[in-house]
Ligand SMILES: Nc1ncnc2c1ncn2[C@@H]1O[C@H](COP(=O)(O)OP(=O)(O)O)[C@@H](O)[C@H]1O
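Next comes just one chain, in structure tokens: the form predicted on its own.
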């Protein structure tokens, strides 16, 4: 079974793409077949971290229909068992993905054959980014020990969970109307939480409450705290977990705290994953920890969700 690993971040500049490139390299060198897909549409630069020139067709060509399938734009990287699908290839407008094209891409990703399919997503909580993140229960969120990054990671988690619960009910249902009402309310510091939403939906139907309870139990985001400089950084990580547990009523797992390394920006300039040039450094050993976690993790959970044309992007409460 393919393991799809969407990698997201609440804000840019936290090392998401670097981690994607090095993680894919580590998994491939461990004997797994890996496909890296650059879905940071409008700002794709995963090719730079891999040392591949931005001259090949990619996702942008599929969006504009000059290529017909993901397989047709699949590239070898030079690392055995590691393959790459480029992003927008400098084509304008690819970030404004319409619903049908997004649905086609999601179905195409599921049809790919590999042990691991890693998606390097756009930063932030845009509608398209969240839908790609919700492809799989194996999603990773990258953040750094700064207050703004921690708050943005929380906002991303909340928006993703609202979207997942919303899509668990059919269009125009009373349940969706109730969820939209809660979207317009601030839950931080008010005593409201996703448990409150569960109770509201139970009043509509006991089965609706069960659906939300199951969704909350199965949504298992894993967080990587990147660019850590000292043990004091753990405090911000704990704060994120406390806020998530209190307001969202989900279990959030930190799988690794990655050290800040001056070698990482140098590896980007060299256009080579640090894992290749220095597999024994602290950064690379942290990448090994992520890879081991992914390999040992259980099978993904895919809850049934309803489709729909409504974009909730403007409705997300990101306070």
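Residue numbers count along the first chain shown, from 1. If you're wondering where the values come from, they're calculated on a predicted model, not measured in any experiment.
There is another form of this protein, the form predicted together with the ligand, and it is not shown here; the text below is about that form.
- Heavy atoms within 4.5 Å of the ligand in the model of the complex map, among the stretches 263 to 271, 60 to 68, 289 to 297, 28 to 36, onto 263 to 271 alone.
- Shown here without its partner, the chain carries 6, 156 and 160, none of which come within 4.5 Å of the ligand in the model of the complex through any heavy atom.
- For the candidate set 223, 135, 97, 227, a heavy atom within 4.5 Å of the ligand in the model of the complex is found for exactly one residue, namely 227.
- The closest heavy atom approach of residue 279 to the ligand in the model of the complex falls outside 4.5 Å.
- Proximity of residue 18 to the ligand in the model of the complex: non-hydrogen atoms within 4.5 Å are present.
- In the model of the complex, the ligand lies within 4.5 Å of some heavy atom of residue 259.
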